[in-house]
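Before any questions on how it binds or moves, here is one chain, the form predicted on its own, in structure tokens.
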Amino acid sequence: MTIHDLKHKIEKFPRVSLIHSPTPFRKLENLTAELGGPEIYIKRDDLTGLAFGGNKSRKLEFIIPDMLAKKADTVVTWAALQSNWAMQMAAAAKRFGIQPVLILFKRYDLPEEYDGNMLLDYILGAEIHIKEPLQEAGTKSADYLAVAEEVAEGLRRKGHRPYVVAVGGSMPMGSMTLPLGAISYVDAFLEMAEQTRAAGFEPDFVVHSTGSGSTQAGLVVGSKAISSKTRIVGISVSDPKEPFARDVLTIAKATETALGLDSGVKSEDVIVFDEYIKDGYGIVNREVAEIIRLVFTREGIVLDPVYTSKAMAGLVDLVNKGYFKRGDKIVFFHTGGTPALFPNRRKIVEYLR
């Protein structure tokens, strides 16, 4: 299938304009030289333009029209305390006159204070519900959905029309019955493919941080549809690879169905590494602090401490272990999240002293 043909399929889905596209793309010359291995490029989806930028902005271009079509006046979603998804959802919803209701779970040891993304949530006037984490063992998306539906039911009793959407705009559930977040990342893969082809190459690998699954699912579907060689590597920031890979595959198959594709995504197309979660989701360690410093000092690019730093740490480690060949060309998707740097400042400074 050609890029044009796949774009035509994506254009059938309603969309609003939230981002600056195409997002910048360039080679990381200094980091490539530092590692002495494959050529490393970066796709700057931290510069999408909504709020402080990030991959969630792309998803919201497709999710907001679904909210408007269903005449929602409020949107209910869930995430972790310093979630970039929650903040970007709030920013996008407010632009279209929809009140954001954010259920934020305390999944890591940070104070409940208005800092980082929570400060931005407060400035935006989002309604914030802070909750203790659900029991991690056996906790499923459906368990979080049940919490969100309870909040939504309270809003309905007050006469509101809530739209319930899963964390990251990923799993089709609640009010979002189509994999709209993943469809946006099929489109992002096409955007990147046009940039790499203009630069005279096709990537061997795309590496990115993967948390709720739709970014990876969309990239996998895009790769399967138009590329003969690009493999998508997800560095998990929260979940063990086996159950998480199943979720990604579920979203990918739903995306193929929604787009009318027969590219046949299989389990072996979903590559997930979970070794870089380390102490857990959102936990800053020395490796995170040092990779933030390395990329900032070598390339002038700031990574966040929750997602992109762990993905870049994974990329560097995989280079050192020989997973990538010396002549490979790798595209790193920077998915944003930099406001989370500031609530984590004490740990970052402590490790870099």
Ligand SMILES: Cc1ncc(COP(=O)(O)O)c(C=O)c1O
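So that there is no doubt, residue numbering starts at 1 and follows the sequence shown. None of the values given here were measured: they were computed from a predicted structure.
The following text describes the form predicted together with the named molecule, which does not appear among the structures shown.
>> Within 4.5 Å, heavy atoms only, which of T230, S184, S212, T74 is in contact with the named molecule in the predicted complex?
In response: Of the listed residues, the single hit is S212.
> Of the listed stretches (197-205, 158-166, 213-221, 143-151), which one has a non-hydrogen atom within 4.5 Å of the named molecule in the predicted complex?
Replying inline: Contact-bearing stretch, as computed: 213-221.
>> Even though the partner isn't displayed, in the predicted complex is N84 close enough to the named molecule, meaning a heavy atom within 4.5 Å?
In response: So N84 counts as contacting the named molecule.
> Might K59 be said to contact the named molecule in the predicted complex, defining contact as any heavy atom within 4.5 Å?
Replying inline: Yes, K59 sits close enough to the named molecule in the predicted complex that at least one of its heavy atoms falls within 4.5 Å.
> Is the gap between T255 and the named molecule in the predicted complex 4.5 Å or less for some heavy atom pair?
Replying inline: Although the named molecule is absent here, T255 would stay clear of it in the predicted complex, with no heavy atoms inside 4.5 Å.
> For the stretch 328-353, which residues lie within 4.5 Å of the named molecule in the predicted complex by non-hydrogen atom distance?
Replying inline: Heavy-atom contacts to the named molecule in the predicted complex: T335, G336, G337.
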